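Form predicted on its own, single chain, as structure tokens, below.
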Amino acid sequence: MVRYVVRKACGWLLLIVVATNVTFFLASWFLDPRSNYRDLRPVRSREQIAHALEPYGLSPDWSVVHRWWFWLSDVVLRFDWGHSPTGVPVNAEIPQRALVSGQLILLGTLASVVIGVALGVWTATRQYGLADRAALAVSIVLFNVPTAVGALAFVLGAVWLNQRAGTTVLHVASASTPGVEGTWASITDRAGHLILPTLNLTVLGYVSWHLTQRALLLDTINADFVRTARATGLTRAQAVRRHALRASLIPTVTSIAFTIPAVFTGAIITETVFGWEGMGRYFTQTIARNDVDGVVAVAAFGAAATAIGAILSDLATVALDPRVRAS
């Protein structure tokens, strides 16, 4: 098993290196860091702009290959992922924003997966019953609600509740309250700010897991191996729990492992509406500011997270499927 994980990790590491370097060349061709200086007053000359960008390896007088070698040398020798065109270190942005997004994304994803899978199993065992039809109707409605609309609905609901209560019951914006000091006070404050965006991710995110898990379980609930288990004396509930559910969870677990990395950089709307300075907002900001090094760092982070998800997916498949363990 250890050898298998090491081999997979080495393969993914090679892909990360290739993808990150390709992203650098694409970003260098399509983004123009000079735009950050053109609107400044007094107006900067071309030589002044080039001189200002040169310490960050972004000088327009350098060739793309020269800029790439400057960036690669810093990454390999000092693990320095560069600077924005205005001099903000990328190394100072990524850890902070990854932590902010991690608190939001992991909690929201975990809640949506647990609720969605549990509801999918519960409704599949009651196919076409009243509970199944009602849960399907609610999920189909929520499935068609855009993320921005759902987030704004939560914000409006929280504002209405706060006005009715005459105090802040639910925090609407940002990840923390300025001026809060002390460990326990900070934890409590962060938990309060997590409620609304987590609810938004959970309510709109559980739907796909519910529909997927329901369909997967219905495909296996009448399979031959389940009927054989029933013939050995197991009740229907026991056969479903021990055999049908285990088989139907394999595609779900694989999807979960690949979903978390995507959500890290994809929760742009949720972070924007609720004012969270996470990886999603950082990704859009780097593009808007023509920040080549920032875009490359986000791409590298996403690639690394995808690699971790892929390895976890393989390990989960091995744990759930005895045929894979045997091979």
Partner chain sequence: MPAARLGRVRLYARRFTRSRSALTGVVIFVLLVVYATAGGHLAGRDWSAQDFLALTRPPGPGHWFGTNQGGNDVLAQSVHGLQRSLVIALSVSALTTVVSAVAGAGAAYLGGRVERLTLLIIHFLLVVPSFLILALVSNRVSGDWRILIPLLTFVTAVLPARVIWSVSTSLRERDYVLAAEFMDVSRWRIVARHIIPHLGALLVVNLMLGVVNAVLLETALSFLGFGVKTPDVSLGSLLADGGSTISSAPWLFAVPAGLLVLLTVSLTLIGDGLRDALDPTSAAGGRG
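Residue numbers count along the first chain shown, from 1. Note that the structure is predicted; figures quoted are calculated from it, not measured.
In what follows, reference is made to the form predicted in complex with its partner chain, a form of this protein that is not presented.
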**Message:** Please pick out the stretch from 235-243, 175-183, 213-221, 155-163 that is in contact with its partner chain in the model of the complex, where contact means heavy atoms within 4.5 Å.
**Reply:** 155-163
**Asked** Might Leu130 be said to contact its partner chain in the model of the complex, defining contact as any heavy atom within 4.5 Å?
**Response** no
**Asked** Contact between Ala50 and its partner chain in the model of the complex at 4.5 Å, heavy atoms?
**Response** no
**Prompt:** Applying a 4.5 Å heavy atom distance criterion, does Ile187 contact its partner chain in the model of the complex?
**Reply:** no
**Request:** Answer with yes or no whether Leu58 is in contact with its partner chain in the model of the complex, where contact means some heavy atom within 4.5 Å.
**Result:** no
**Whether Gln103, Val113 and Thr202 all lie within 4.5 angstroms of its partner chain in the model of the complex by heavy atom** = no
**Fill in**
Of the residues spanning 26-53, the ones with some heavy atom within 4.5 Å of its partner chain in the model of the complex are Leu26, Ala27, Trp29, Phe30, Leu31
